[in-house]
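Quick heads-up: it's one chain on its own, the form predicted alone, in structure tokens.
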């Protein structure tokens, strides 16, 4: 017999603002448990151990750490014909993102990671015809950082209202539906629109001559 737990609905997006939680996910096994498996549906410790090739005791240790960090919840239990209680766990959100502002104020290692990630993103725009000189990289990072923070703040409030219906959807459909809803709620937010226009204006001013709009 299946016994559902009283847990909060799965979120579409969870923004990680606590550096200690981010550190939990630096462990590759824990990252795989959340990002490869539990964002897509509930699984038992035994099922996770089988797909990851790990000892169930090791997986349970990781699950406990993820539960403590608020990244995983026990969704339901199920009694097998042999009387064994199986516990099913799932992620608390479909997707997780790092809160840049908080990470940049964290300890040196995490702050450096966040800053390097943002800087690398700005530099990568050259491949798409956006040539930002080194003297303006700081300005680009500041504008983009504010835009990402606002996007995170707005889209992290989107709940998955019907979790049963959501779990029946193939992963590509989930992604498409999520993208549509996120765009919709962002367009409804005036602060996001203002920041987006500022960012787009900055990008337009640094377009290389060969880049065209179709």
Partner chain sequence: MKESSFEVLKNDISISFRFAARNVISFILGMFGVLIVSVVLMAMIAVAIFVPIVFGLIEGIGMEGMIQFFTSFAAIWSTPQVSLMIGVFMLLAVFVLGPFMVAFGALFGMAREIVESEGTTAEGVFAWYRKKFFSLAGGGIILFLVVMWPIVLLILWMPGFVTGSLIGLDFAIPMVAILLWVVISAGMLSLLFPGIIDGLSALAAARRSLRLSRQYFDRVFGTWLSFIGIILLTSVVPLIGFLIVLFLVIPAMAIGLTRVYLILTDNVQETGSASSENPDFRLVGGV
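Numbering follows the first chain given and starts at 1. All values reported here derive from a predicted model rather than from experimental measurement. What we label the rigid core is the largest C-alpha set whose atoms superpose within 1.5 Å from one form to the other.
From this point on, the text means the form predicted together with its partner chain, which you will not see here.
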Exercise: residue 150 in contact with its partner chain in the model of the complex, heavy atom 4.5 Å: no
Proximity of residue 36 to its partner chain in the model of the complex, heavy atoms at 4.5 Å: no
Contact test in the model of the complex: residue 124 vs its partner chain, heavy atoms, 4.5 Å: no
is_contact(residue 135, its partner chain) in the model of the complex, heavy atom dist at most 4.5 Å: no
Proximity to its partner chain in the model of the complex (heavy atom, within 4.5 Å), stretch among 137-145, 124-132, 68-76, 111-119: 68-76
Contacts with its partner chain in the model of the complex - residues in 148-165 whose heavy atoms fall within 4.5 Å: none
Post core alignment: residue 26 C-alpha displaced by 2 Å or more between the shown form and the other one: no
Did residue 57 shift 2 Å or more between the shown form and the other one, C-alpha, core superposed: no
Sense of the change in Cα distance from residue 171 to residue 73 in the model of the complex - at least 3 Å versus the shown form: closer
In the model of the complex, shift in Cα separation for residue 176 relative to residue 76, 3 Å or more: closer
